[in-house]
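Listed next as structure tokens is one chain, alone, in the form predicted alone.
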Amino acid sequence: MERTQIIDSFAAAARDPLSYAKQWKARTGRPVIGSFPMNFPGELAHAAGALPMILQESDDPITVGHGLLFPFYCGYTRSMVDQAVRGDFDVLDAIMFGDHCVQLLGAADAIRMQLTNTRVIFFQLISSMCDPWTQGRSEESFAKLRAELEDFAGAKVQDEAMHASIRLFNKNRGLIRRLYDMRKKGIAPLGSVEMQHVVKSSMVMDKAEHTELLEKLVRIYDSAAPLPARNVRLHLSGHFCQAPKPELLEMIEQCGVTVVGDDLYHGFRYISTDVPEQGDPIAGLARWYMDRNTGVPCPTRVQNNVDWDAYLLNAMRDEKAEGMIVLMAKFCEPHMYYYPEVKEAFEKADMPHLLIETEHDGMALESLKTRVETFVEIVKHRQAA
């Protein structure tokens, strides 16, 4: 199977995840559980025999959902409600809601009213990550989620099944991390859109099927030689729930940019951390939840000994990135609250960065392109100096 065929398979699932879920359900006869980002352990739903899929923002304009959410809610939450009203989520047998921002809670209430025949699973995770009781509280939350899934499935979720799912998911994450490392070294010339297809499809596809394709893709690049670097090396940051628009990513790279790393949710943030494979699987999931915030800090979590801005600067040094573009979804409150700290830290470190606010219903790409081109020229002049 050639590289292009593999990427095309990933892209098909990433572009139309609900159609993939319908086909998978028809093929297997098993249930589909949708979830909001960012901390739902898909391993639990997988061990219960379901297809776990992270619900994705639709490319369609928001229409009938306008009357159920405030217009100052982010595009992701408004799109979720719009899809629910249109009946797009009818393929879901259950949906899991998290609580990591106020807007997601509002969307959960609106969707709950629409999906009256769909099992709703709401679970809450402690947001303070460095207290002595955080591990225990996280274990309690995951144990309750396991019990809900057992009630939904009508059968026990056995530890052996959870361990098997954890091993499969870890293998999948590890392969994607290898692709990230290869891209950073110039061995795997994957563009930002292609990398997004890889990660986004992992959120949607059957993990065994996705992992098999990943193994083939990694083997293609294993023997490749590094390509010479010609463009400005940049890091992409932000976008916690929805994937950046492909046309925006393409525009950025057309300005003479090579993206060598990111902390996007539809990127390295999603695959940064593995679940411990030994011991109690519930304790392992709690450990994974806590370690994720150490690996790639999130402004929706509170941890005194972790700073997202410090992480970004260290990641860029490791990637040999020469600048950073921050993609902030419009009305994303956690990002808006934290961004001033990132800005201050980058100014102190004399590291160039550019903030771009993104929207669901289209963006003025030509004017954004002028800003990106100007930023790239500034970075080039700084490097020359």
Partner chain sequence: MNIAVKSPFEEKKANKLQSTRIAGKLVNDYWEMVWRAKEEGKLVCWYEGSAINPFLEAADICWVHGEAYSAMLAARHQEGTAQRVAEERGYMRELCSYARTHLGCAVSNQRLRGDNAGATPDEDDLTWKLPPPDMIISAYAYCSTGQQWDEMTSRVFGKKIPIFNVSLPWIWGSKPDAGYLRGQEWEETSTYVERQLFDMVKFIEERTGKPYPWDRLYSMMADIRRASELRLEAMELCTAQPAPASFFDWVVSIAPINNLPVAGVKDYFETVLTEVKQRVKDGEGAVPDEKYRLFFDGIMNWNKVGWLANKFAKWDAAVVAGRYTHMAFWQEPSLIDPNAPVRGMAQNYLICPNNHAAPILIDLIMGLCRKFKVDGMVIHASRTCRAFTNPQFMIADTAHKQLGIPTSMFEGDVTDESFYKDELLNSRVEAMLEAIEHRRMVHAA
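Just so it is clear, the model here is predicted, and its values are computed rather than measured. Positions refer to the first chain, counted from 1.
Another form, the form predicted together with its partner chain, is not on view; read the next lines as being about it.
| said: Residues Phe70, Ile126 and Pro334 are flagged as a possible site; in the model of the complex, is every one of them within 4.5 Å of its partner chain by some non-hydrogen atom? | reply: Every residue of the spot touches its partner chain in the model of the complex.
Practice problem: Pick the stretch from 196-204, 260-268, 71-79, 171-179 whose residues have a heavy atom within 4.5 Å of its partner chain in the model of the complex. | Solution: Going by heavy atoms within 4.5 Å, the stretch is 71-79.
Quick check on this chain: which one of Arg86, Lys216, Arg112, Lys156 has a heavy atom within 4.5 Å of its partner chain in the model of the complex? Contact residue from the list: Arg112.
*Within 4.5 Å of its partner chain in the model of the complex, heavy atoms considered, which of Gly98, Pro246, Gly284, Gly106?*
Selected residue: Gly106.
request  = Decide whether Asp307 counts as a contact residue for its partner chain in the model of the complex under a heavy atom distance cut-off of 4.5 Å.
outcome  = Yes, Asp307 lies within 4.5 Å of its partner chain in the model of the complex.
At the 4.5 Å heavy atom threshold, is Pro299 in contact with its partner chain in the model of the complex? Close contact exists here: in the model of the complex, Pro299 approaches its partner chain to within 4.5 Å, heavy atoms only.
Next on the checklist: Taking any heavy atom pair closer than or equal to 4.5 Å as contact, tell me whether Glu148 reaches its partner chain in the model of the complex.
Outcome noted: Glu148: yes, in contact with its partner chain in the model of the complex.
Original post:
Can you check whether Ile54 is within 4.5 Å of its partner chain in the model of the complex, heavy atom basis?
Top reply: It does not: once its partner chain is placed as it appears in the model of the complex, Ile54 has no heavy atom within 4.5 Å of it.
> Which residues within 245-278 place at least one heavy atom within 4.5 Å of its partner chain in the model of the complex?
Replying inline: Contacts from 245-278: none.
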